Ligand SMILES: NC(=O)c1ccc[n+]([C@@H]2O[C@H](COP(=O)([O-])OP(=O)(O)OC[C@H]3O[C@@H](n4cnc5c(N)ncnc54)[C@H](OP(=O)(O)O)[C@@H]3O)[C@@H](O)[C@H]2O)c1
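Just one chain is shown here, as structure tokens, and it is the form predicted on its own.
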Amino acid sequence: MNIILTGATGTLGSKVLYEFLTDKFDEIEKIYLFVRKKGNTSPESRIKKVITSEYAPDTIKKNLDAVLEKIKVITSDDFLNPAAFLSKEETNYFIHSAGYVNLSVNPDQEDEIFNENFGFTKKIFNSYVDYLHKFIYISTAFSIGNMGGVIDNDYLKKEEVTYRNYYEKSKHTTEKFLVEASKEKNIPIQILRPSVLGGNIIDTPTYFISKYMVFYLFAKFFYRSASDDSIRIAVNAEAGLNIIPTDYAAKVIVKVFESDIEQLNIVHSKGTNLLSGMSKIMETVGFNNFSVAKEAVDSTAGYGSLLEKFYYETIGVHLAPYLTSKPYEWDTTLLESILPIPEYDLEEYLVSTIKFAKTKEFRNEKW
């Protein structure tokens, strides 16, 4: 079989690539990787950095020649031209892991977010459908929007959805398109939805993650703040943040991509309480001059400090809808029957991930 993978230089995609090159190496004929040029770095050089990284498994680095024989980098010239490298007679699995994570609520950015997530996915699906055995779409567990209570794996029957941003809406719209298109084209579709990605918990180095986003951005903001100003942050004390280690999510994806499962949320069975989690993050980065607001802080009532104003005009715009979300949890019965979630203390894990990020100065890997 062949694997076509997008997002191989990203946080989750790189771990999925590692899993295929270790767990499924002998079963795969070729792994085709969609990669764009980045600055002066060629697509091939970017992938070489991923598989020779200090964070790549030793089995890959020790078997580098054989690994390179398995990999074929597809540049932007041939992204939408499968005839250039695929045969319809082969068993081809397309795993679309790349995505444009932009949590903006600015209407001016809606078209860009939809073009990157929905538009590009639609183009590649329509281009590749006649060559594929199956199309696997990596969405997000948050595509269901601000929904409280217990959340199951079937997002496609949900009619009333309150999206927190255009990213969630674009991912959910893409899911619905793929399901309808799969019926029309008679091709299996699988939708896998990780929650917030955190550092490794199974693989070494533990707590490593290649790109610092979401709760890491929160930690980075206050870690680098040189201000002594105070700040109020609105938090729903009853809500939680669901974080899933990236290595666990990647292992689940590689375990299920050949299965008949159509929808699966790759999430933790429990959330980290937002209030105590936020306090732990602040303590870990050494910022203590904050208080919890009962209601959302906005410009109409006036900001309490310059730091507070800067926060709510930058990352606070994106994070506030999540910090004030309804309490929720996911039903992980199916997930845990596939691969049990590792047991660890959630707050200790959160602190350790931030401590690891501090050692890297919150710098993303330059792949």
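Start at 1 with the first residue shown and count on from there. Treat the numbers as computed from the prediction; the structure is a model and nothing was measured.
If you look for the form predicted together with this ligand, you will not find it shown, but the lines that follow are about it.
For the options F218, F208, F120, Y93, the one in contact with this ligand in the predicted bound form, meaning a heavy atom within 4.5 Å, is F120.
Only one of I151, L80, M213, A239 comes within 4.5 Å of this ligand in the predicted bound form through a heavy atom, and that residue is M213. Stretch 188-196 is the answer when you ask which of 188-196, 218-226, 284-292, 85-93 has residues with heavy atoms within 4.5 Å of this ligand in the predicted bound form. For G99, a non-hydrogen atom is located within 4.5 Å of this ligand in the predicted bound form, even though that partner is not displayed. Not displayed here, this ligand is approached by E116 to within 4.5 Å at the level of heavy atoms in the predicted bound form.
A residue is said to contact a partner when one of its heavy atoms sits within 4.5 Å of a partner heavy atom; S139 meets this definition for this ligand in the predicted bound form. Not displayed here, this ligand is approached by T9 to within 4.5 Å at the level of heavy atoms in the predicted bound form.
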